[in-house]
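Let's start with one chain on its own, the form predicted on its own, as structure tokens.
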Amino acid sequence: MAEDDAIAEQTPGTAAASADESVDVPFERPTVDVDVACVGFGPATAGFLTTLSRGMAADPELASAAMPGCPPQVVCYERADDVGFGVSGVVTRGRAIRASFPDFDPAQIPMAVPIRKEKLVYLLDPVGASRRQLGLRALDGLLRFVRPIARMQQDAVEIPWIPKFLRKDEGFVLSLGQFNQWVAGQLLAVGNVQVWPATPVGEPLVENGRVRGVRLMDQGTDREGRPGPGFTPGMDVRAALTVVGDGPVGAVSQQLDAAFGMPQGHERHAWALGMKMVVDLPEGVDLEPGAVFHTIGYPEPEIFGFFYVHPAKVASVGIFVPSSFDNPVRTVWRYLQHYMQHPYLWRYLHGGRLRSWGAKSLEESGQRGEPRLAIDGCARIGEGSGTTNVLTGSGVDEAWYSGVLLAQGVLELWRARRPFTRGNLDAAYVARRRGSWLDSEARVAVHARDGFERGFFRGLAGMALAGLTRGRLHLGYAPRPRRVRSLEEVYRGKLSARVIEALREDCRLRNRPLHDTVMRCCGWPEIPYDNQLLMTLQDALLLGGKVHAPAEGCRDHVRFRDAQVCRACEQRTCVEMCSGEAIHLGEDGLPEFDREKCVHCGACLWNCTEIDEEGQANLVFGAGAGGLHSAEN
């Protein structure tokens, strides 16, 4: 009870207070009442709605409190223009998905296929520019010396044994966008729930410590959020239960965390940005659909990579750049281009052609980043609720299952005619989650990645120790606070402080990010553009997807709180890391935002290094419309 009182004291009395709250308007907002309002249509909400819809169909006695005489009114609001946009491909065990669809046939979904072959590959550095520790350079030299014994091919070693915790046995390869579209089709065919794409939610409605629903984004504003001639205030959607599954950087999730706080000892400290290409493989490449390659070691030791094969000679290839790689110029696009050119992969990719492209943030704190799962009138599911398992490198199936568990709890409470209080949600949902494989496997993974903050070998050792002992043993490292080292620290011994300052000044005068210049000075070769796979990021945006954003009519979803703080920032990692080059340096040297290039990956938020005493970043990543159109991702 004391904890509940503390929550109520820090909760605003009306709409949740945040830098993204909507403008005050001198007239009443439109209001609608529903039973359940969902925020975001990702795999977690898809699992929730699938299970809930079936339960409603099986129990016609369930009735709506919002609309007496009707079945429960369930509505889902998705920011992106379609339920298949803004997501990514995946390799998954699919345990929870198969349980929801016992007769699931991957052939029903384009680009889906069962996993048939899985390899773990260590990639050596073929260009000599990777920032490898002395021990790793020694290992590379030894492997090259004993090349026949190590069975090295194309500067790579296929590791003969994959730990059980990494294998995706009996799983499948998916395009998550196309899987989401398939699930949405199943839901809409039944007709028990409504899914509204292109409808971003601006904020939660919080009254006296209880979530009462959501407020949709205002329309007809300028980029600062001020009402314009065609201003239409966002509708208030009042709901008995608000289900939040808006991902790792969702605007509503951020505001709930600000309003209610995180549980004691929980914090989000580990992130990654994933970027990938979907590729038409060239003629002559005969890789079996369902072949999966997990890679480590290149282009930098901290960067993990993947290559998996869909039907019809299509492959997905990409990398994850984690926050433990604390380089201020950690550009994912440039590293992806070098990754694809590694000889082990390039033999399959050379002559191929880009089909689509995408990028997405991943929250990698796992259970340690779990927020309050249940609040009066609200429940959290999916990646933003801490479902990602960083030991197994898996998140989609876990997110789906969190939605299934919540739906089971909601059906139980409906049948018992019990309200959605925090206590009831704890008993019906959180207790289910605590007793599930989702929670037990999350506990195993809690410390699995801590070692990577201290180096590549310690990171691998930490993963092996946690995985092989089921989490009973780990390296014991405490997570470090969010930090990016200076260029002088990162490149000590390679670039002098004088050279770095000259590079900074040159890029400032040309209004260009530092990453290409720094990487070139450190020995990374120029990219031999072929306009098929090797191209500029802007060409990839044109050829591999389409960024759609309204030129006017709504507030910018990326803003900077204090220009003076940005002016004093030396790192400007938000510029270096931006997936679409939507954040760039203006003529005054301050970062500027172009939403017509933004793919909504959210990397800018977790890459902002200017954090105030309350833990808020100087960069605001709020609710917004549009994003990347690329259904194959």
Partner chain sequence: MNPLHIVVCGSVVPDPLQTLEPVTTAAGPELKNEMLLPAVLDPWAACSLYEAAHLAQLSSGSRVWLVCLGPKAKVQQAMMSLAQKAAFELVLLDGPAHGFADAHVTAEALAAAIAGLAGLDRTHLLLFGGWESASRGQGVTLQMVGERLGITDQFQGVDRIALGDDGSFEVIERVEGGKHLVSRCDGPPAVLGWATGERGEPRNDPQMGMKNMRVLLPALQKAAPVAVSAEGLKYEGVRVPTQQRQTRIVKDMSPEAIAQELLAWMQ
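Positions refer to the first chain, counted from 1. Everything numeric here is computed off the predicted structure, so don't read it as measured data.
Not pictured, yet referred to below: the form predicted in complex with its partner chain.
In plain terms, the part of the chain that comes close to its partner chain in the predicted bound form, with a heavy atom within 4.5 Å, is 67-75 out of 432-440, 472-480, 67-75, 300-308. By the criterion of a heavy atom within 4.5 Å, residue 220 is counted among the residues contacting its partner chain in the predicted bound form.
At a distance threshold of 4.5 angstroms between non-hydrogen atoms, residue 555 is out of contact with its partner chain in the predicted bound form.
Shown alone here, residue 188 lies within 4.5 Å of its partner chain in the predicted bound form, counting heavy atoms only. Its partner chain is not drawn, but in the predicted bound form it has no heavy atom within 4.5 Å of residue 60. In terms of contact with its partner chain in the predicted bound form, the residue from 582, 34, 56, 566 that brings a heavy atom within 4.5 Å is 34. Interface residue among 493, 102, 148, 229, judged by heavy atoms within 4.5 Å of its partner chain in the predicted bound form: 229. Shown here without its partner, the chain carries 272, 341 and 351, none of which come within 4.5 Å of its partner chain in the predicted bound form through any heavy atom. Residues of 261-284 that come within 4.5 Å of its partner chain in the predicted bound form, judged by any heavy atom, reduce to 280 alone.
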